[in-house]
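To begin, one chain is listed below as structure tokens, in the form predicted alone.
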């Protein structure tokens, strides 16, 4: 492999246009976002919850971030040099980047932040290939890997539980002990659990001069509003009421009928965010009969994915069996002839060859309506081939705790969202070492190892196609389809563009 230099590309023709990105414009206004849940933490390192990402990615930034197409691009890094052997990454940092406490970012802050994440990060395995991290200059950090990892920049830029850069002082603290100090375009003001989080524009924010416009979670994060408040509103009707009363300017998600009604009103814009996630159905490979590939094939052959998606996600879904989003450069059609077979006779043949003996099987599911609907449709469909399924419904913390143990369940349905956004390695990773199905699968482990050490994108695409083929051939788990969200913004909030989070840079409030 030749030595490679990654330099920032100027986005939107900045150099050619003669435009300059300067300090944040100050048009003003207070924006309110109604979101479904409260964040479990505002310590970005320790939570992968969507509710936390919505807030935290306004406060904190990362060395690399994802652009509009989910490609890793420099953010706090200025440039990167990768050694010929693929083991050494030398990051040149942007200079003059301010933290919210008035200090200026340097290499020691970055080293301390990466080391903290390796210790307590919610997705610490993202940095598992690192051998050492060293400040090799005031604004230079050298990371040495213990083995070649083709996904290292993907990992570093993951927004799942962001690898945020803290001050070295804050990075020395334990989980949930930090003050909420970052380099992002908004600074933390107030958090009332079960009520709201309020952020204010950081007037000394260091806008990235290498971009002319926002670009995913990177780009020019220019802020024109004074503040943003995230209201926690689990009840869908309350979120819509807040929008219609003028209390909220953005609603994170609304149901289909509400979206249809609001779309007829010129005061609002409904944004169809599709695809946003997969609907998946997991098998417990540690329990009979779901440890039997023939039984799993029977289930996969029996299910009508159109029926599942039309009932569980009735207003915004796609029938698609690929284990990545269709716009991914690694999307492929391997084994898709096995998707959505909906053949009860074929299912009965597989069932007859399986170890199923008429016992009642347990389907765990959280109490969210789409997942309960999915489980109910599966239950009814399997009854038609003689499989007895009972539903066990509980809150999400209870269900997720059970689902990562080998006992107490056979099926589990839930969403799978950030993984297909991030790419092939993130989709495969949850199945490595049997984490998601509670029994080791050597083939998946092999494919993951090969994918994360293959530097050629074509090789990685071929490996991911093998993974998808295996997911179908062995019925490791079932993907029902893609689903989306209806986000709604009030028209006085100008230039709002939906993304994985409701970004509040680049918008203006027309008061």
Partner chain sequence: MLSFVLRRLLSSIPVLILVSLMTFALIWLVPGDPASVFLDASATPEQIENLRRQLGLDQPIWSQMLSWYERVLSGDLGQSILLRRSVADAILERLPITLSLAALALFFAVLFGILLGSLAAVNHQRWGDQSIMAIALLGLSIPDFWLGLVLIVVFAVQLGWLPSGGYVPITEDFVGWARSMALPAFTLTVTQIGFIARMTRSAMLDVLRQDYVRTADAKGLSHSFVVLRHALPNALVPILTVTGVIAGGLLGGAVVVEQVFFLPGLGRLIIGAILSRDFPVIQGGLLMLAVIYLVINLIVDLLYALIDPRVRYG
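Residue numbers count along the first chain shown, from 1. Note that the structure is a prediction, hence the values are computed from the model and not measured.
One more form of this protein should be noted, the form predicted in complex with its partner chain, which is absent from this view; the next part is about it.
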| item | value |
| --- | --- |
| Heavy atom within 4.5 Å of its partner chain in the model of the complex - residue from 408, 430, 256, 329 | 430 |
| Option touching its partner chain, based on a heavy atom within 4.5 Å in the model of the complex, out of 297, 221, 313, 414 | 414 |
| 4.5 Å heavy atom contact with its partner chain in the model of the complex for all of 40, 123 and 242 | yes |
| Segment that reaches its partner chain in the model of the complex - one of 68-76, 102-110, 169-177, 82-90, heavy atoms within 4.5 Å | 169-177 |
| Any non-hydrogen atom of residue 209 within 4.5 angstroms of its partner chain in the model of the complex | no |
| Its partner chain contact at residue 360 in the model of the complex, heavy atom, 4.5 Å | no |
| Its partner chain contact at residue 233 in the model of the complex, heavy atom, 4.5 Å | yes |
| Non-hydrogen atom contact residue 454 with its partner chain in the model of the complex at 4.5 angstroms | no |
| Sequence-ordered list of residues in 142-163 near its partner chain in the model of the complex, where near means a heavy atom within 4.5 Å | 160 |
